[in-house]
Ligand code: GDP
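To begin, one chain is listed below as structure tokens, in the form predicted alone.
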């Protein structure tokens, strides 16, 4: 069985919990894109764990996690994450594999992103993700392969030469290489296996795989609300970049019962004021990576339909519906008005900037056993054409209701 899980909105949909819930049934959990800008929060038996790089494996089990070659990795942050897990689950690092062709996030990438953020105000996490992917595209990327094969120093010199004078003034490439080598050796000491996507292919082929996405589809570099997007392919296209030989059996899209967004960019159903603050506090809507308060809004069905078509999704896991329990009225966007024209499915990222949402009002539900909640789910399924297969009923990994599809 090969299954993909990714977000259908602007991230923070609860993918980490869903992957954690499903992970015990799979041999491998594979991260295929993104980097430490992802914050996948897991709550198990009262213990809160936040993964940034690491796939959400079954911590107490025996399955393995693979950081695929489409990722960008900050070695220092990765080691901190591993060491934090080691304190709770001794020996867990030995269950992780990292591809030697991941691109490494370097100190100047964070400087670049901070400088760009001041100029463009996109709302990035300032973790150096975009500049690292940019250097990868420009063929300057440093990888673990370069550290293994003594090709890193010349590439670092070349990269530094094209960076700003600010970077050149205080970053020494020889010292940086020494730091990278030290971090690489620490990875090995922890027991992480360094591999490549060809060597591991045979093992993956004969195994069950759960592909874990980062961010949400509306932040996809190609299909999201450009330029207010991440720098990676978020959904199925990100998988096929290195795993085109895999036939995916299930595409599981994760969506909240409302909508959130961190950072700048269009957000058609955004709400503000007292209701927004109530929703933010009840849902704990603060970034797992940055701690920033998330923008909040009502469920956006046109955006969701766009995602289930192009991500794609064959089923939906609905999260945080319990957060809306007790609201007297709930709004749901059922179409957009774009320059005087009704739009049920956005025709690309441009429509998100022009959209005026058209709402329907629903009566709120007291709890998730209330028939009014079922009406809400039915509206979502009818509009998107995709069934809701699971409903999260709380923050704990075990709090999941399986629905008949």
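All values derive from a computational prediction rather than experimental measurement. Residue numbers count along the first chain shown, from 1.
Heads up, the form predicted together with the named molecule isn't pictured, but that's what we're talking about next.
Does residue 338 reach the named molecule in the predicted bound form if we count a contact as any heavy atom within 4.5 Å?
So residue 338 does not count as contacting the named molecule.
For residue 53, is any heavy atom within 4.5 Å of the named molecule in the predicted bound form, or not?
Residue 53 lies outside the contact set for the named molecule.
Check residue 41 for me: does it contact the named molecule in the predicted bound form (non-hydrogen atoms, 4.5 angstroms)?
So residue 41 counts as contacting the named molecule.
Whether residue 294 contacts the named molecule in the predicted bound form should be assessed with a 4.5 Å heavy atom distance threshold; does it?
Yes.
Counting any heavy atom within 4.5 Å as contact, can you tell me which stretch out of 142-150, 328-336, 314-322, 178-186 lines the named molecule in the predicted bound form?
Partner-contacting stretch among the options: 314-322.
Heavy atom within 4.5 Å of the named molecule in the predicted bound form: which residues of 377-400 meet that condition, in order?
Those in contact are 392, 393, 394, 395.
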